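The data below hold one chain only, encoded as structure tokens and taken in the form predicted on its own.
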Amino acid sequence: MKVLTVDDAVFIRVTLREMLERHGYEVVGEASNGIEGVKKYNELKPDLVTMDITMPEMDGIAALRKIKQINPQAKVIMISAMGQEKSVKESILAGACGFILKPFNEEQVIRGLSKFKS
């Protein structure tokens, strides 16, 4: 399964890549903001996207909406910090298929993504 990770924090992208690759996912790309994330989604056509909500230039919810315009079937899992319940609700309404709360651990991430693995 091909995954694109979108997060403005390099540390989070590296951590996610390591976790996912240990469990057989192929991280095909990374992006540091929503604009880059949408562009890479279009280029790479991943099976799944992990998307941070709070990012510079274009936030995760705006990027999610753009990705859903490109492909209504896109599978995007939002990643948000505690206390962003309003954003989580907004992302679900915008078409996110799940969310993972920061700080996360490997088990949470893999459990969150495993239901989409074929």
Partner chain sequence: MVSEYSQVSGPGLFVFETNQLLDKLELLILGSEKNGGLQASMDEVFRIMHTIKGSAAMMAFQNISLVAHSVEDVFYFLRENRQTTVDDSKLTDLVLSVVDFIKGEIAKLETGKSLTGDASGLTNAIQAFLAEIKTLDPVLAGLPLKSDYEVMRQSFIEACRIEGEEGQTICEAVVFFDDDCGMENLRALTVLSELGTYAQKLEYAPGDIVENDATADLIRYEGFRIWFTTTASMTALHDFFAQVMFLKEYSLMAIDHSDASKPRIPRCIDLDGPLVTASESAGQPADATGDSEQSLAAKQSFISVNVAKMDTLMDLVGELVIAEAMVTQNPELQDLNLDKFFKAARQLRKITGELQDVVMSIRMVPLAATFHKMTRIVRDMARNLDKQVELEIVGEQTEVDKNIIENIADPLMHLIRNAVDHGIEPVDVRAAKGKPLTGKVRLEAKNSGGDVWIIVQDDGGGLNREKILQKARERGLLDQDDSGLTDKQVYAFILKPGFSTKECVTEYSGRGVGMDVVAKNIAAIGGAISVDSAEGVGTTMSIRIPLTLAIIDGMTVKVGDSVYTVPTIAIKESFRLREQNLITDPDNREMIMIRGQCYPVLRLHERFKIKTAVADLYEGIMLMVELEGKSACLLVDALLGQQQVVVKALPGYIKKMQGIAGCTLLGDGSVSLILDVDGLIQT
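Residue numbers count along the first chain shown, from 1. Bear in mind that the values here come from a model prediction, so they are computed numbers and not experimental data.
The next section is about a form of this same protein that is not shown, the form predicted together with the partner chain.
K.L.:
Using heavy atoms and a 4.5 Å limit, would one call L93 a contact residue for the partner chain in the predicted bound form?
P.N.:
Output for L93 is yes: heavy atoms within 4.5 Å of the partner chain.
K.L.:
Look up in the predicted bound form whether F99 has a non-hydrogen atom within 4.5 angstroms of the partner chain, and give yes or no.
P.N.:
So F99 counts as contacting the partner chain.
K.L.:
In the predicted bound form, does M55 come within 4.5 Å of the partner chain, counting heavy atoms only?
P.N.:
Yes, M55 lies within 4.5 Å of the partner chain in the predicted bound form.
K.L.:
Taking heavy atoms and a 4.5 Å cut-off, does E43 contact the partner chain in the predicted bound form?
P.N.:
Because no heavy atom of E43 falls inside 4.5 Å of the partner chain in the predicted bound form, the answer is no.
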